[in-house]
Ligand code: KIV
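Below you'll find only one chain, the form predicted alone, shown as structure tokens.
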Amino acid sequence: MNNRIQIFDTTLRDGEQVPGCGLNKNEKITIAKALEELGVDVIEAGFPISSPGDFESVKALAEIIKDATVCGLSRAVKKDIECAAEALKKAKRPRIHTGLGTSDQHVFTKLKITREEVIERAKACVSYAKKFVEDVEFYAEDAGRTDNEFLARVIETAVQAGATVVNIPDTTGYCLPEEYGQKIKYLADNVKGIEKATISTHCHNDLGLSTANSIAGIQNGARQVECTINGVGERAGNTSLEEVVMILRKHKWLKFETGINSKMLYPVSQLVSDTMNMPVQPNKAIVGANAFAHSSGIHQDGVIKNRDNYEIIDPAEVGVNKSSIILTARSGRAALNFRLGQIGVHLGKDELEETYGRFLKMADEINVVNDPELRELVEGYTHVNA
């Protein structure tokens, strides 16, 4: 089985659904170019029928992006599909992403149709989309809460109709990793003709399990992951692109790879954060401000001696300049001496001991001690080259 994982980025579609984070055409173009340079395989550019502005954005990206597939979302509705096809007309690699809900919750309370009608609509929407583009992705919305046997029937219908990718969304972020992984495996084992299509994950983070579920999906046969930069997205967000990429990179025994240039992860994260005006939480894995920051004395001492003691990722791998030794009242002598050395200050053992006592008093008062305060601490030592 192919071990190359396709990265489907939906920052510009699902990610943009965050309240207050809408993007105009020029902003979408800027981010899309960065995503293409990052190495994503598919860029979901938007939902063309949703507004004139989104139509124009998808149309613009279709004309500009050359290396990645450009995807437009639609419901299982002819007008949606026609609109997506029109927006994607000039794309070098166009994809229409169409589908409908499959869980009993969605079928009976949202769509208000029967299961058999779901089967019919799945066949109809894929067949119609194939009239416009060769690459058609079918999504089974709320697949996470869909009975596996019925889900397999829907997916088999979509594959027979010509779907090249079948998307299995955990739309509400409900599944546990083992449960979601087994769902992917069930489809891989029971859908006739599944080898003709790529199985895709699309996991939401309502219970904080989106990345874990996506990895479980990969381990059980999925070969495309739908994700966003910084994990932005509806409600609690989507699977984080940078987390999936670095998990696969660090766990080489899994033997999966992506086409992502990991050194661009942090710069692209900052671009998306700034453009969407959505700060990245400091403790966010991989790209958060504290991801490579150490303030505990025990951790600082270990990192100074050997980075691998407390860092499984070299900051340079993801485009971060270096680790940070943050001086607080929890810091030890080793960290203080290290930071003094970085500003050209070299103290003897007794001088360091005396300075450390004054440092702790200062740290208790101001919380974080930065370079100006460090220089103030050693002003009395005339031989210091600060």
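One-based numbering along the sequence shown. For clarity, every value in this text was computed on a predicted model and none was experimentally measured.
Omitted from view is the form predicted together with the ligand, to which the following refers.
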| item | value |
| --- | --- |
| Triple contact flag Ala68, Arg93 and Arg223 to the ligand in the predicted complex, non-hydrogen atom at 4.5 angstroms | no |
| Partner-facing stretch of 209-217, 303-311, 133-141, 256-264, counted where any non-hydrogen atom is within 4.5 angstroms of the ligand in the predicted complex | 133-141 |
| Candidate from Val165, Leu73, Val287, Cys175 lying within 4.5 Å of the ligand in the predicted complex - any heavy atom | Leu73 |
| Residue contact check: Asp14 to the ligand in the predicted complex, 4.5 Å heavy atom | yes |
| 4.5 Å heavy atom contact, Gly181 and the ligand in the predicted complex | no |
| 4.5 Å heavy atom contact, Thr171 to the ligand in the predicted complex | yes |
| Residues of stretch 202-234 in contact with the ligand in the predicted complex (4.5 Å, non-hydrogen atom) | His202, His204 |
